[in-house]
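Coming up is one lone chain in structure tokens, specifically the form predicted on its own.
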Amino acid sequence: MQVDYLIIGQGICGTFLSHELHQAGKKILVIDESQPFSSTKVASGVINPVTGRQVSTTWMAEELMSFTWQAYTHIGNTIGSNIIQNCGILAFPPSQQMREAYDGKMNDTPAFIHPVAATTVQEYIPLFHFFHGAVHIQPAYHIDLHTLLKGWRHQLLTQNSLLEESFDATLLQLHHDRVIYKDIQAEKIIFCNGTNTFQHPLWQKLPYSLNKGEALIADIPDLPPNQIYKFGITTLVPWYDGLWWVGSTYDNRFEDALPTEIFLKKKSAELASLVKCPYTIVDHIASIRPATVERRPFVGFHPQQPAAGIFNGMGTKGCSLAPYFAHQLAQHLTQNTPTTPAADVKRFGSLLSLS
């Protein structure tokens, strides 16, 4: 079998890269073993343009917010589903200091923080415990990740572009101008398979970190589902079947990928202190995601093995970074345009040359 590009993994990175290359008329093959608790499937699906206690604007926020809306709308049209919502985030500052940080950002350009009318704040008194008012983060998007992954997977199967099995790196043969895997030949291979990418000798030297995320799934029937609600580090996000995602953590000192009793107790107590209306915790999920130490993704090709590429390390910002850099990487492959230097994996050329 001859293809242009072999893509390993169909998380959010593999999904958008394979979509971009398919749109460019390239023949692709995605190798992916379905996993119910991959990092993408456990993620909240929130695209938030601000972050942290200082309410800092995220890297490339203005450009990314515009691009992601178009990208998710486009791929949604391809799979016949509306997968992006501009629902905004209603943030309840947990302290006066945090409130002042939000207020100080309202006059920024572009402005992502906006005031909330007193009458609107009053409407949430029966639902939540809060003491420092509320602000609105807008635009902020919510992505239906499950529908996205399932819908594009169906498209790949229809196009005979998906091999549903575990990738066996020991069977990969790398040459300067091509790769061979079993009976498949391709011009290049791109690793998009999350934490497994860094088990390959080509990428082990990269400065990555593995972070474990956990979340509760709760049934909160009285909570209006048209908003994302944020209380400091705890966020309530509309999930599936009327449920709510409540999380999350960023633990880099974990023993395994399983949900922990410590998180369950801590987040349950936080939820009880925040929500006044009746609710029931129905599930507890966890997954491990790769991130970069400097919070910039790995995009591009190995300096010593130009047929091998990587598209990974999105961390908690995968929903906003993956569509943008998938487009850049596809443009690089098809039109030889450069990728953003801060994301190009060649910035670690000295480390990769030791692989």
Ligand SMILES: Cc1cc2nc3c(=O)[nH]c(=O)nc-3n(C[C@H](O)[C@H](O)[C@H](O)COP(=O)(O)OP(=O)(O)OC[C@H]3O[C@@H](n4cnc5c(N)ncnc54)[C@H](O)[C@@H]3O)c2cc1C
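Just so you know, these numbers come straight off a predicted model, no measurement behind them. Quick note: we count residues from 1 along the sequence shown, nothing fancier.
The same protein also exists as the form predicted in complex with the named molecule; that form is not shown, yet it is the one meant from here on.
Contact annotation: of the candidates Q227, N196, Q85, T260, the single residue with a non-hydrogen atom within 4.5 angstroms of the named molecule in the model of the complex is N196. Of the residues W245, W152, F112, W203, just one reaches the named molecule in the model of the complex with a heavy atom at 4.5 Å or closer; this is W245. By the criterion of a heavy atom within 4.5 Å, D222 is excluded from the residues contacting the named molecule in the model of the complex.
Under a 4.5 angstroms non-hydrogen atom cutoff, the named molecule in the model of the complex has S34 among its neighbouring residues. By the criterion of a heavy atom within 4.5 Å, F130 is excluded from the residues contacting the named molecule in the model of the complex.
Put simply, S166 is close to the named molecule in the model of the complex: some heavy atom of it is within 4.5 Å. Note on the interface: of 120-128, 74-82, 212-220, 100-108, the segment with non-hydrogen atoms within 4.5 angstroms of the named molecule in the model of the complex is 212-220. By the 4.5 Å heavy atom rule, the three marked residues G9, S44 and C319 all count as contacting the named molecule in the model of the complex.
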